[in-house]
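Next up is one chain by itself, shown in structure tokens, the form predicted on its own.
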Amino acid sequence: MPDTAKMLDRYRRMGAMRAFDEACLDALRRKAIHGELHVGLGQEAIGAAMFEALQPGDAVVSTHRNHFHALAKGVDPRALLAEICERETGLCGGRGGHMHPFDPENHFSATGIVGASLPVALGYAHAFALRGEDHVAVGVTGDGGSHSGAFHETMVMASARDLPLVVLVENNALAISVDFAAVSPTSTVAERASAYDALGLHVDGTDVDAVTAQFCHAMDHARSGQGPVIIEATCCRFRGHFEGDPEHYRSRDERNRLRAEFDPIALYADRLTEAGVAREDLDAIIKSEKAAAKAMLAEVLADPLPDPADALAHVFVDDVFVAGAAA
């Protein structure tokens, strides 16, 4: 018999993640967010799966599309939304914004530089190994990032030292506008793991049950000292690379088809219905999460913006001296 209670938890978590990004889109329309905004609609199953596999001491280093990973790692949703909306109450006082949220308490950070998340995650993994700590570092990248030199160098070093590193590749088949099949020498990223003597896992990133099982396997493998893992989760990005992307590289019909066929929330709703859960109960969950996110956004937008007089604050660390320099 299916564990419907656990399934409903996963469904609610995916709904909460989508509602969070929809609140970000609302904030953008209200001009509360400046610069680029990257949302993960269509990739909720991966974030929900991460939530179940991560432990408090683990570290996650994410990308420009980082919201779901932050929520999975336990970052406070309100503080994250406030940071995205550039409020003083945000994780970094509104100074990091959407692409550079940083939460040292929860061992979470992100970078807008493609592929640059992986060397930082490697550093976490090396530190865990040196200290003998039972933690795993997760570096997130995309199919485009898997073609970077940073990816190769990270895997070489992690495997040579059997470091507790999991490299999560969210393969939505588009490196901004470049089709994965047109530039990849292999049909998957996961199969390249053998070149590094690492474990390679490939999973349907729209199936939250499958991703949870494989991500837990990856984390257990790395945590038990068996070396790094590449886990590739295939998924679809429903919106443009960034908000405002004209998306000339795919048609409206193609975008509509992807939503109709590969929406992880809709697919899981069908599975829950087959398990005996009423559709109206599922609809009520989504409605509740949307209302909660909308209320949270209203609170955040009432928070103060950073004081312009403090524009240069937090740029340098106070009271730090270079060894040998004059006092």
Partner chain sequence: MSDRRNDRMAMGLPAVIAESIALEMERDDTIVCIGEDIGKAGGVFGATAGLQERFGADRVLDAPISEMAFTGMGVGLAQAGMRPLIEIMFVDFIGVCLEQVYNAAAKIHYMSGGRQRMPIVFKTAGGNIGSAAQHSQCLWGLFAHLPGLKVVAPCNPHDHKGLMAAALRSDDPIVFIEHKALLLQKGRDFRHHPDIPDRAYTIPLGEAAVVRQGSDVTLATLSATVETALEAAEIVADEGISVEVIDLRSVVPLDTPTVARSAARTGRLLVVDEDYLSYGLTAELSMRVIEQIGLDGLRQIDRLALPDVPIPAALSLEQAVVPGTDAITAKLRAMAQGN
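Positions refer to the first chain, counted from 1. Quick caveat, the model's predicted, so the values are computed rather than measured.
Not on display, but discussed next: the form predicted together with the partner chain.
Report the residue, out of 126, 223, 78, 202, that has at least one non-hydrogen atom within 4.5 angstroms of the partner chain in the model of the complex.
The option sitting close enough to the partner is 126.
Contact stretch among 164-172, 252-260, 116-124, 205-213 - heavy atom within 4.5 Å of the partner chain in the model of the complex:
Of the stretches listed, the one contacting the partner is 116-124.
Although the partner isn't part of this model, could you tell me whether residue 245 comes within 4.5 Å of the partner chain in the model of the complex, counting any heavy atom of the residue?
No, residue 245 stays farther than 4.5 Å from the partner chain in the model of the complex.
With a 4.5 Å heavy atom cut-off, would you call residue 309 a contact of the partner chain in the model of the complex?
Close contact is absent here: in the model of the complex, residue 309 is far from the partner chain, nothing within 4.5 Å, heavy atoms only.
Can residue 191 be called a contact residue for the partner chain in the model of the complex at 4.5 Å between heavy atoms?
Although the partner chain is absent here, residue 191 would stay clear of it in the model of the complex, with no heavy atoms inside 4.5 Å.
Might residue 84 be said to contact the partner chain in the model of the complex, defining contact as any heavy atom within 4.5 Å?
The answer is no: residue 84 has no heavy atom within 4.5 Å of the partner chain.
Every residue in 64, 195 and 234 with a non-hydrogen atom within 4.5 Å of the partner chain in the model of the complex?
No, the whole trio is out of contact, none within 4.5 Å by any heavy atom.
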